[in-house]
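Take a look at this single chain, the form predicted alone, given in structure tokens.
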């Protein structure tokens, strides 16, 4: 099979989706064998995983492999497809923790199962049922991530080389999720702490660790792993900072979530921390009064946006994004990888951070 070129990323996305479809068909058969009542699980995960997603993490894993000298194959595509199940686990659980209503333009998984409970007129509390079901579905995605990785067809010695990276990535993700939860509970306003959350909750498992996984599978030397960190970590931080901006100023038709949803959820992002660090007493009082209000009105969202812009927090966040992208691309230029992988990784850097409002 011929290798991808910079214009073939859509083909890689399609191949990752096909690999996920194979796993889901296997799991659907397994669930049906237990009980037909489990079909809503397979349906929900099919809609959530197969019908949406940018496939960024598999792309970075794949090109981490290619940049380390690995050749294209269906087996490496299947191995990195595991990262989509990990992403699904994180998003489903994150939506439960944040009480989010939507994800990717559709009801969040816990809302979907709460609606099922109400439609069927089952006993008990619909919201509790929905949350419990979503926790279980997220756990299933984590299990299926392992299965996808281990049954990819990659050589056993390659999978063993990748396992420590895969383990560390999952631990960092869960640690970052807890730190995010903790910051909201503490009402944190430290930019340094907010950046730590961004690094571990998103940056590392989105870009740096997938690159490391591809490198480990290919048996890359430590020097290349270090180059991938120099490129991937600042880019991952820029990716999350862009998400922070979109969570406040983004177009719902592009983000798949209601406008200002991060403000209703009380997210203690770098954008919010910078705002509080720079705000005067009036502005601080306004932010603390509205941030985290689940019933925040459009007028309240506009008021918070105005403060974020007035304090210069939005401009500073944009500057932080640019600085990190520049640092990432400078590191990429020095990396000892072939020209094709370098070009695709450069394009992926733009795709990950230049998303429009």
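Predicted model only: the values in this text are computed from it and were never measured. Numbering follows the first chain given and starts at 1.
Absent from the display: the form predicted together with a further copy of the same chain. The rest refers to it.
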Does any heavy atom of residue 50 come within 4.5 Å of a heavy atom of a further copy of the same chain in the model of the complex? no
Although a further copy of the same chain is absent from this view, report whether residue 282 comes within 4.5 Å of it in the model of the complex, heavy atoms only. no
Taking a further copy of the same chain as it sits in the model of the complex, is residue 177 in contact with it (heavy atom to heavy atom, 4.5 Å or less)? yes
Taking a further copy of the same chain as it sits in the model of the complex, is residue 249 near enough to touch it, meaning that at least one heavy atom pair lies within 4.5 angstroms? no
Residues 34, 113 and 146 all lining a further copy of the same chain in the model of the complex, heavy atom within 4.5 Å: yes
Which among 219-227, 154-162, 234-242, 77-85 is in contact with a further copy of the same chain in the model of the complex, heavy atoms within 4.5 angstroms? 154-162
Here the chain is shown alone; which of 102, 190, 171, 73 has a heavy atom within 4.5 Å of a further copy of the same chain in the model of the complex? 171
From first to last in sequence, which residues of 106-139 have any non-hydrogen atom within 4.5 angstroms of a further copy of the same chain in the model of the complex? 113, 116, 117, 122, 123, 128, 129, 132, 133, 135, 136, 139
